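Below sits a lone chain in structure tokens, taken as the form predicted alone.
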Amino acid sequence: MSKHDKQEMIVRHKLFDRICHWFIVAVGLVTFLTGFSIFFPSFQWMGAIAGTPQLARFIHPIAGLMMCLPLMLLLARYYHHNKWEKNDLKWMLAIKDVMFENEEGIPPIGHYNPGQKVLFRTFVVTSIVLTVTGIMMWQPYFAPYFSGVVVGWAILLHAICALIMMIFVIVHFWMATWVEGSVAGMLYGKVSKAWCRKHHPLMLDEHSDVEKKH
């Protein structure tokens, strides 16, 4: 690994994507805290972020839309980086080498690894279900248009998807902090070529192709 590689930086996340990401993080925190205070009585204290339980009920659906709609936009922008590639299965089968950072046994991957691609698909599904079911159960605006049984199923699906998304958000946070430099890449947009060569070597090929086109 040359000193030049350590110093040369390349773009990993564009400014618009970074703004979207951190906006979703901030609004998502409000959404999850108010949501848990509504769905689970023992977590009602979490609604204090809104001031009162009534305000929490009012803010939650608005915050939810402000979280899910930009999230779906961001996921659409990241779609081309999250297609399955030939080395993805090999990478998953070599998960032991990945966990113990045995670089020699890890197949080269592109912009995102298979674990991140699984997260991507989970966020796609859960954000769509949360948006649709959230609108269906939104009192007093949309819920009256549906039967009590339908709203009941919507509430159940909403709660299940919220829990799944929360679990995967925790996994996402763990993965980001586990790989040194990932958080900095989302904060500042750039990573070193040395970082790419270690964690996402095929990303360098993608970067070279983009440079050639320009």
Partner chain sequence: MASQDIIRRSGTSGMTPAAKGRNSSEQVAKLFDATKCNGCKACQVSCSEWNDLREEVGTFQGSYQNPMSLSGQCWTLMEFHEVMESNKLRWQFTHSACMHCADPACLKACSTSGAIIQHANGVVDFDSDKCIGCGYCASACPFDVPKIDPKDNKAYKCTMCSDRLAVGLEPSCVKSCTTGALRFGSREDMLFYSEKRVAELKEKGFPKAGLYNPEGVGGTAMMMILHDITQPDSYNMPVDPQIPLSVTLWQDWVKPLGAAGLIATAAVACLHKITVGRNIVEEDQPGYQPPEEEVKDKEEDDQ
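Bear in mind that the values here come from a model prediction, so they are computed numbers and not experimental data. Positions refer to the first chain, counted from 1.
Below, we turn to the form predicted together with the partner chain, even though it does not appear here.
Participant: Should Trp84 be classed as touching the partner chain in the predicted complex when contacts are defined as heavy atoms within 4.5 Å?
Facilitator: Output for Trp84 is no: heavy atoms all beyond 4.5 Å of the partner chain.
Participant: Is Tyr79 close enough to touch the partner chain in the predicted complex, meaning at least one heavy atom pair within 4.5 Å?
Facilitator: Judged by the heavy-atom cut-off of 4.5 Å, Tyr79 is well away from the partner chain in the predicted complex.
Participant: State yes or no: in the predicted complex, is some non-hydrogen atom of Leu93 no more than 4.5 angstroms from a non-hydrogen atom of the partner chain?
Facilitator: Close contact is absent here: in the predicted complex, Leu93 is far from the partner chain, nothing within 4.5 Å, heavy atoms only.
Participant: Whether Gly51 contacts the partner chain in the predicted complex should be assessed with a 4.5 Å heavy atom distance threshold; does it?
Facilitator: Residue-level check for Gly51: no, no contact with the partner chain.
Participant: Taking a heavy atom within 4.5 Å as contact, would all three of Met66, Gly105 and Leu119 count as contacting the partner chain in the predicted complex?
Facilitator: Contact check failed for every one of Met66, Gly105 and Leu119.
Participant: Where does the partner chain sit in the predicted complex: which of 109-117, 124-132, 139-147, 67-75, heavy atoms within 4.5 Å?
Facilitator: Going by heavy atoms within 4.5 Å, the stretch is 139-147.
Participant: Which one, Met166, Ala184, Met46, Val27, lies within 4.5 Å of the partner chain in the predicted complex by heavy atoms?
Facilitator: Spelling it out, the residue with a heavy atom inside the cut-off is Met166.
Participant: Counting only heavy atoms, which residues in 154-185 are within 4.5 Å of the partner chain in the predicted complex?
Facilitator: Ile155, Leu156, Ala159, Ile160, Leu163, Met166, Ile167, Ile170, Val171, Trp174, Thr177, Trp178, Val179, Glu180, in sequence order.
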